[in-house]
Ligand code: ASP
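Okay, so here's just one chain, in structure tokens, the form predicted alone.
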Amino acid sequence: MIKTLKFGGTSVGSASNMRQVANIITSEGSTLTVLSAMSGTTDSLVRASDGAVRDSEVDFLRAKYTECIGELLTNKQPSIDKMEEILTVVSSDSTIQSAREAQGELLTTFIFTEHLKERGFKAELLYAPDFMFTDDQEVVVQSKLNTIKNVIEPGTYYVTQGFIATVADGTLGNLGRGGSDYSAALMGVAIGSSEVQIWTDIDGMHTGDPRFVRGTRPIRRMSFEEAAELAYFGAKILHPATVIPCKEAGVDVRLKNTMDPAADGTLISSSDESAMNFHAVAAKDNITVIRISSARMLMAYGFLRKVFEVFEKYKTPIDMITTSEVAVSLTVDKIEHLDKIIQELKEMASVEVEHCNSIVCVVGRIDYDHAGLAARVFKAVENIPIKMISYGASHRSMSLLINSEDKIATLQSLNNFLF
């Protein structure tokens, strides 16, 4: 069985954790192992873009990785040399930021591969930008990775980097935060994996976010559609794009806990036909509401097209939308171009903008013909001011827009009432 296993930054955040990861991939029989950088690395590399603090960040990274190398490896010198090579790249004024941010994955995978070899395993380190390419619109896995499928040697552990890729101009870049999950999904499909496993520090998907909600429980099985909704609307355990290639290829995704490998975790598959009306709740923060009103919308056609074209022009996705005869309200979570968007919208309508909102998404089998389900959701939040409601695009979710200050109370109430 071909398996692809991906481990996040916390999972490889120390020498002891790396030993645990090595134990897991050998016991699971991982064919391809995809690693993030050690926890805290990417944040440090982002800060290193500021030349004024770059030296201190380089010192921090040198100390962090030297400690890991010292605890993990007997033959330290190759990894020390690699670390100094990478820190030279980080220190250079000529290094572009996207390439600087990619260095953590390169160093982490090098050290981990050296550890596997020292333990007597046959391991091969692959350079992800050789086969991962992106133009900001699409990520493509090139033929070099596909050929690995034909030359896989039993007992060889292939290790590579998540998050990083060759970008459109041919330089080293990345897929953005959380991109390691997506990398693993694409790679897993490319080599014909029967399963892609995402290992983090939590026992799979929960009915709510354990960071904010008391009394949540893990979900053992769920559909791709449910997982996609939860990931998009705030479930941090999984990058939203991860399920797309796996669903299309019929490859199961399993979410597991590095710190508790024996726990069941969550299996995400196309075969799951859970009858549960309510499966989980997630929340997405930093939501901005834009309310657009114009008498020209009355009995008119084409107005919404003009509105959407503005957002398309500035590559700003819309999360929720509601309409009436003379108004439309919508939400976005990317505000880099908000001023320009508002300026253009004001040429055709009056516009109001409101920040500091959250979207709470209830996921499950909320069938259109099942009376009383919406009433149960609204009963749970009867004391919470609701600004927008979205339901009907699918029978898998219902979304509510609320003030961010009400988020925790909303999540707790929904968890208590629905589960």
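Model, not experiment: these values are computed from the prediction. Throughout, we count residues from 1 along the sequence that is shown.
Beyond what is shown, the protein has a form predicted in complex with ligand ASP; the following relates to that form.
Peer 1: Which of these stretches, 152 to 160, 176 to 184, 222 to 230, 329 to 337, has heavy atoms within 4.5 Å of ligand ASP in the model of the complex?
Peer 2: The contacting stretch is 176 to 184.
Peer 1: Name the single residue among Val363, Ala37, Cys68, Ile359 that comes within 4.5 Å of ligand ASP in the model of the complex, judging by heavy atoms.
Peer 2: None of the others qualify; the residue that does is Ala37.
Peer 1: Hey, in the model of the complex, does Thr31 get a heavy atom within 4.5 angstroms of ligand ASP?
Peer 2: No, Thr31 sits far enough from ligand ASP in the model of the complex that none of its heavy atoms falls within 4.5 Å.
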